[in-house]
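The chain that follows stands alone, in the form predicted on its own, written as structure tokens.
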């Protein structure tokens, strides 16, 4: 069995958990005897292809896969929109991108058969244009390889249009993988209707919808109106053998409590900072680290200054690869206080490194982690109490570390992708 898989990023060049999950999935599928052709907008050439074959969309010319242009557009409709959607960048980069977009202007996306599009593969000001172009190239790739794959698998809304195009042009079944929804990224008043529309179109067109948690499954069914019979939960996993034994030299004796993730509303950074202030009123032998970047970075810095804890609080900026593992190795406690988290792989990675973790009840990971401490994201007092307990009582920290390590070692991608394989088999 072979799967044509559409993704947006793949290690080592990632901006969040999506790329990490894609790597784990293709490796797990390979272990279960499933081959994958992994399509991404802009491959760099240094991706690990031991478990998959990577197809670079930037190298593929759009071909006239239909009799006429009108016929192709009739199968898949593309809309050009001027987008200010810029996740995963700091405020300075955001405003620079917007000003550049205004200065250059944008020409309407056309179906340019025989033309190659150079994708950035990032999350810039022209993200919507790239999503539309990716769908066009995705249809071409599907036609070029239609005799080589059995199922189409599209990850997150960025690739749903490409998945729809591939399905319409080849007739192969489509699986869409929901790693997050618009309802996770913000409240209903501030959702981007264009993204919401793409999400719903992808889910409606799919033969199966895979969600990363039962929490997300409920959102897909209740908010998007998708038939429960075709929505399947496959929890995320973790697998990075050997990387948990990184040794680092610590220059301080203080305990280190770490938040690692995008500094955005969804991740709950302000609750982490408030809890830090409460802990520091009870003990001074602790330092707090916020590792990441995002649109709330400046606001978080001001909050730390206002609370008078800047001498015990550190911002690292965005970390990737080995630096993430070093940060875990330096940490005594890991915190994920997300307001809404479809799953959340980072606590699994922390626990795999032996770091006791505290996560919010509002995360998919809470469904599978017994030995992570859990609090409601808004309950800052409870969060502060748990942090204080883990940094003050060695026996508790040791218990949480050992039990958590043993627990996440059972949550392997091989098991998760065995469930995915059954989903594929049900469609063939």
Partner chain sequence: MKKSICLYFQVHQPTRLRQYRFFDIGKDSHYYDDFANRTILKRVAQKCYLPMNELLLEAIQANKGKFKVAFSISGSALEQLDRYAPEVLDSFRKLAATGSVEFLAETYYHSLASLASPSEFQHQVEKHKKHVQDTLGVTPTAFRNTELIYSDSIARQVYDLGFKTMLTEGARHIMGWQSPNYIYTAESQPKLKLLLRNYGMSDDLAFRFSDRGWNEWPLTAEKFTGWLSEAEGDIVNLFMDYETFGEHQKAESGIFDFMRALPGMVLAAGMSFVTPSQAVKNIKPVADLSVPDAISWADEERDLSAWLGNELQQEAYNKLYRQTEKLALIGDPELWADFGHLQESDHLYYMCTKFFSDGEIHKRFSPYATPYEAFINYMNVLSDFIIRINGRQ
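What you are looking at is a predicted structure, and each value in this text was computed from that prediction instead of being measured. Residue numbers count along the first chain shown, from 1.
We do not show the form predicted in complex with the partner chain, though everything after this point is about it.
- Only one segment in the set 319 to 327, 147 to 155, 269 to 277, 215 to 223 has any non-hydrogen atom within 4.5 angstroms of the partner chain in the predicted complex, and it is 319 to 327.
- The three marked residues, 171, 229 and 231, fail to reach the partner chain in the predicted complex, with no heavy atom of any inside 4.5 Å.
- Taking the partner from elsewhere, residue 194 is found to have every heavy atom lying beyond 4.5 Å of the partner chain in the predicted complex.
- The partner chain in the predicted complex is approached by residue 249, whose closest heavy atom lies within 4.5 angstroms of it.
- In the predicted complex, none of the heavy atoms of residue 201 sits within 4.5 Å of a heavy atom of the partner chain.
- When the partner chain is considered in the predicted complex, residue 286 lies well away from it, no heavy atom lying within 4.5 Å.
- Heavy atoms closer than or equal to 4.5 Å to the partner chain in the predicted complex belong, across 395 to 428, to no residue whatsoever.
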